[in-house]
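Each of two forms of one protein chain follows alone as structure tokens, named structure 1 and structure 2.
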Structure 1
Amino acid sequence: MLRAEDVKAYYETRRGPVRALDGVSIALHENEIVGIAGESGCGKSTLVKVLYDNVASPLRLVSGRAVLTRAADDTSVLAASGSIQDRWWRDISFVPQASMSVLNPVVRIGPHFRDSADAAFRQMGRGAFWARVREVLSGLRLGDDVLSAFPHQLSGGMRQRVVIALATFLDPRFILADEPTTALDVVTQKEILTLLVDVQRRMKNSLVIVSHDMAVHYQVTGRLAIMYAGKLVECGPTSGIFREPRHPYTRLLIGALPRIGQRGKLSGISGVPPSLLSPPAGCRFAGRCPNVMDRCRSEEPAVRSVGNRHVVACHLHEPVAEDDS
């Protein structure tokens, strides 16, 4: 299991700390697909960085921690802020946002595999290493010939599949994919997402998909976390969240985009998120919330269970016991 425990992570800037994560807890279990959704700038990529232990200046882990627990030997590994430990990255792999630019344009695809896993190369030996790379490529419907191609010779979809191969060929237990399909057309997006889900089913590891597209989450994730302005506002089974979203922000987010052919004006969610330099007291969504009450502006809502593994941070919801599933 990979957990973030009450993480506060701030970007230090000249005008003060940007509170990109302000007390966020989330647990990722084995063999599941978890989505992370929320507005641009709400802290999604920052959360992934913390989970991957890729915390470097100006980002600072102010409090809380990331913990990786192995079921097999029951040991815990703590993220040591500032360095990606050898052990850590073999268990967790990361597909960064805008990942197509991760590929070095003047280097052929083959050496990218070699360079990204030097330790594994030495450990496995040349033969086993390349056999494994080929196996993973063919699982992603790429031929061996891509190894000798330069990135620009591949289409966007093929490049993205190469990046996924890079992230998965060492059989990590956790794959963190930050906006893996945002820059792609919908046909290629569907292909990539279907492949990612396939890989996850085969490896039975756990996959985290960050996306601001709620329809993507509906299609592929089993559990969904929704963030707003550095906070987790709702988290639960994807089907439950779409059936009955509990947080007003989640509800608005689901209905924000028009369907093709829909007539009439849609205005999105009015207003803008608060500054993370000086977030307001109380609920951070209060300023835009259609259901706002007096206490929302002064009292911060706690994360509470609404049953069925579903939690929400909103004063509209009184706590219930967890056993009502």
Structure 2
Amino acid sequence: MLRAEDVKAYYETRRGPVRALDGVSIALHENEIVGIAGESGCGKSTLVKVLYDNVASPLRLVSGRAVLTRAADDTSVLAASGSIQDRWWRDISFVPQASMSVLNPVVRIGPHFRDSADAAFRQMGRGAFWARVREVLSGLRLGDDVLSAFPHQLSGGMRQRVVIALATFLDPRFILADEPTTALDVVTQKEILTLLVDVQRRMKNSLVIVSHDMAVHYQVTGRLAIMYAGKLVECGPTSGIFREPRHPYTRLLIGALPRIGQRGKLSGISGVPPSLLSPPAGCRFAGRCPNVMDRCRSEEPAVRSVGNRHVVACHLHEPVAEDDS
């Protein structure tokens, strides 16, 4: 299991700390595809950084922790201690966005594999190592010739597949993909998502997909977490969330999706998210919520269960006290 426990992670700036994550908890189990959705700046990528133990200045882990538990020996390692970093590639790996900026432009593709997994190279031996690399590339529809190519000689889709190959060739238990289809055309986006799902099914590991595109989550994920202004506001089975969204923000996100045969203008979400330098008291969505109540502006809603593996943070779903009279 990989989980975040009441994580608070802030970016330090001259104007003060930006509360990118402010008390977020989520558990990721093996053999599932989980989506993390929300508007830009809601904390999606920051959550992935904490889970991956990639916390570096100006980001600071203020409180809480990320924990990676190995099922084999039930041992746990924590983020911010360097222990999760010791498990990179074998237990947990990362597919970043913007593949061109990830790959070294003056180094051919082959050495990227050798440099990123030096321990595996020494343990497996040259022959077995490169045989495994070629096997993974073939599964991602890439030929051996890419190993001798420079990144700029490959298309955007090919570069992204190389990054996926780098992240998966040691069969990690968790793959964190941060906006894996950014800056790709729609045909290539579908191809990359299909390949990621194929890899997950073949390895039976867990895949976390970060995207602001709700359509991507509907097509690919089995469980969906919705974030807003540094908070987790809803999490549950993707099918249940799309069928019956419980948080007003989730309803508005789904309502903004275009539909086949739809006429007229799409509905949007009025207003802008609050500043994370000085977030408001109460529910952070209160200023844009169509169902806002007085208590929403002063009381922060607790995360509570509203069904099978489905939780939401909204006063609309808090139990009503019975009248003793």
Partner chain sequence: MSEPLLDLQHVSRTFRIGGLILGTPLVAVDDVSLRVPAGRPMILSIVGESGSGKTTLARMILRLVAPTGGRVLLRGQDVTRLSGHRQLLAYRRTVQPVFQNPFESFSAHRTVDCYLFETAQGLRIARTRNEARSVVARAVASVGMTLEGVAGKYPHQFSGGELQRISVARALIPGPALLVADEPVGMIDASLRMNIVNAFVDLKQDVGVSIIYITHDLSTASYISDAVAIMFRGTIVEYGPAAAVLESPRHPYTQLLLESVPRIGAKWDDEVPAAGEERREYELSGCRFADRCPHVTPECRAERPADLALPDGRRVACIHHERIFGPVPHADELHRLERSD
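This structure is a prediction, so every number in the text was calculated from the model and none was measured. Each form is matched to the other, and the largest set of C-alpha atoms that superpose within 1.5 Å is called the rigid core. Residue 1 is the first residue of structure 1, and the numbers go on in sequence order from there.
The chain as displayed in structure 1 is taken from the form predicted in complex with its partner chain.
When the rigid core is held fixed, the Cα atom of S40 travels less than 2 angstroms between structure 1 and structure 2. On a core-based overlay, S267 has a Cα shift of 4.9 Å between structure 1 and structure 2.
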